[in-house]
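Next up: a single chain in C-alpha cells, the form predicted on its own.
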C-alpha cells in the first residue's frame, strides 16, 4: 500500500518562520521548552511511523506548485493520500480546491471533503449552519466591506476575526476590543491586512474546551482537553491567539496550558459530546476534527470553531486527546489512514 504524505511548505519562508531559540532577556518564565521546530522533519516522522506499520510511505512537498503533485502522482501512483495541504499560494481558501484535485483523480485521501473544508473555512457560514441546528454560537455581526461607522448591538468585549482564515490567523493578542474605538481600529486593520469580510462576535468569558472527534461513518468523541488560562497575565485576554498557538517567543504561548482530560460535571461533558457530534456531522466532517467550545459562567456551551483536519503532530491538541483515549501515535496515524483506505475500496473507478 503506497501512501503519499502530501503537504505544502514554501521554502523561502520556512527558515525565518520556524527557527527559534530562547533569548536571554525573556520577561516571563517559559512553561514549554523553546526549541528549533522543523515541519519537514515532522512529516518525515509521520512517514517513518507509517513505514514501521508496513506502509510504503513517502513525503511530498508541493511547494506551491500543482505540477509537482501531478508529476509525482503520475510517476508514483500512490494508493492513498495523507492530506496535509492547508494553504496554497498563501491563500487558505484554496485548501478545499486541492482536495478537489484528489476527487477528480479518484484517489482516496484522509480527512474532510472539499465541501466540508470550504464550508468550515467560512466562519459566517459555519455559524449559520450550527445555529440552524440549535447549537449555540456567540452573537455576531458580519461586515462585507469597510464602513465609516460599524453599527452593532453586541456586548463588549468583542473579538474581531477575519472571516476566511483558520489556525488563528488574524486572531492575535490584539483581537479583543473593549470599546468602539478599539473595535473600529481593529476592523479597519483586518480589512486592510487580509482583504476579506470581517466577523465580530461577543467574547464569552469562561472555560475553553477542545473536543476531538474521530471517525467516518460512526464518529466518536475523544477525551476532552481544556485550555487553562489561570496563568494568563492581566494584560493579555484569555484567548488562544495566533501567538498562543504558534509563537514560542511570546508569553501567550506559555500561558495557555492544555489539560487532558478536562475535569467537568458529567452533565456538561455529556452535552459537549452531543454538541461535538452534531457539529461534526452538520459540517460534513470525517475522519478527524476538533470542535472548540466555550463554557460561559452560567454553564452554557458555545461553539467557537469547527476545525476539520487539525494538526496531527505528536504534541498537538488532537493527538493529546488520542493519547488520553489510549492510542499510541502510530496507532492514531494508522486509524486515520485506514478510514481513507476503506473508502478507496468502494470508490468508483
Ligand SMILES: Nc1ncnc2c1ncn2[C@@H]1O[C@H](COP(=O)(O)OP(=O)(O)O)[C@@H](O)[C@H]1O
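Positions refer to the first chain, counted from 1. Quick caveat, the model's predicted, so the values are computed rather than measured.
There is also a form predicted together with the ligand; it is not shown, and the following applies to it.
The three marked residues, 226, 316 and 322, fail to reach the ligand in the predicted complex, with no heavy atom of any inside 4.5 Å. In the predicted complex, no heavy atom of residue 255 sits within 4.5 Å of the ligand. In the predicted complex, none of the heavy atoms of residue 130 sits within 4.5 Å of a heavy atom of the ligand.
Under a 4.5 angstroms non-hydrogen atom cutoff, the ligand in the predicted complex has residue 138 among its neighbouring residues. Taking the partner from elsewhere, residue 287 is found to have every heavy atom lying beyond 4.5 Å of the ligand in the predicted complex. Residues of just one listed stretch (83-91, 107-115, 218-226, 194-202) have heavy atoms within 4.5 Å of the ligand in the predicted complex: 194-202.
This chain is drawn without the ligand; in the predicted complex, the residue among 312, 47, 283, 304 with a heavy atom within 4.5 Å of it is 304. The contact residue chosen from 239, 190, 279, 213 relative to the ligand in the predicted complex is 239, the criterion being a non-hydrogen atom within 4.5 angstroms. For the partner-free chain shown, 138, 159, 161 of 126-162 come within 4.5 angstroms of the ligand in the predicted complex, judged by any non-hydrogen atom.
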